[in-house]
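Before any questions on how it binds or moves, here is one chain, the form predicted on its own, in structure tokens.
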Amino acid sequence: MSEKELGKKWDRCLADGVTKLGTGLGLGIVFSVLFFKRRTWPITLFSGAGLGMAYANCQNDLRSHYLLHRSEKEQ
């Protein structure tokens, strides 16, 4: 994997993490205000879920270089 390709993957990971964290934070605030009497645990829960999804996507993206890809014709 070239350094340029690795840099692009890291950029995608960071952008995905910021997006998912922001979305989780926003949803957590909305649910906290509307349904849970302004408690903080929904904010933490949704933010954690967003970060977890971003981490899983990043891990999959960085490991994709090492996976073997076969086309349907080869199988």
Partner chain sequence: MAARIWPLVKLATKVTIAGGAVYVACDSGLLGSSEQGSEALEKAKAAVPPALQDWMKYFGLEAQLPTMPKIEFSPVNSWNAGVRWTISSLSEAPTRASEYTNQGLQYVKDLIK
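Numbering follows the first chain given and starts at 1. Computed from a predicted structure; not experimentally measured.
If you look for the form predicted in complex with its partner chain, you will not find it shown, but the lines that follow are about it.
Residue contact check for residue 29: none of its heavy atoms lie within 4.5 Å of its partner chain in the model of the complex. Proximity of residue 25 to its partner chain in the model of the complex: non-hydrogen atoms within 4.5 Å are absent; the residue sits far from the partner. Residue contact with its partner chain in the model of the complex: residue 41 places no heavy atom within 4.5 Å of it. Residues 12, 15, 16, 19, 20, 23 are the members of 5 to 25 with a non-hydrogen atom no more than 4.5 angstroms from its partner chain in the model of the complex.
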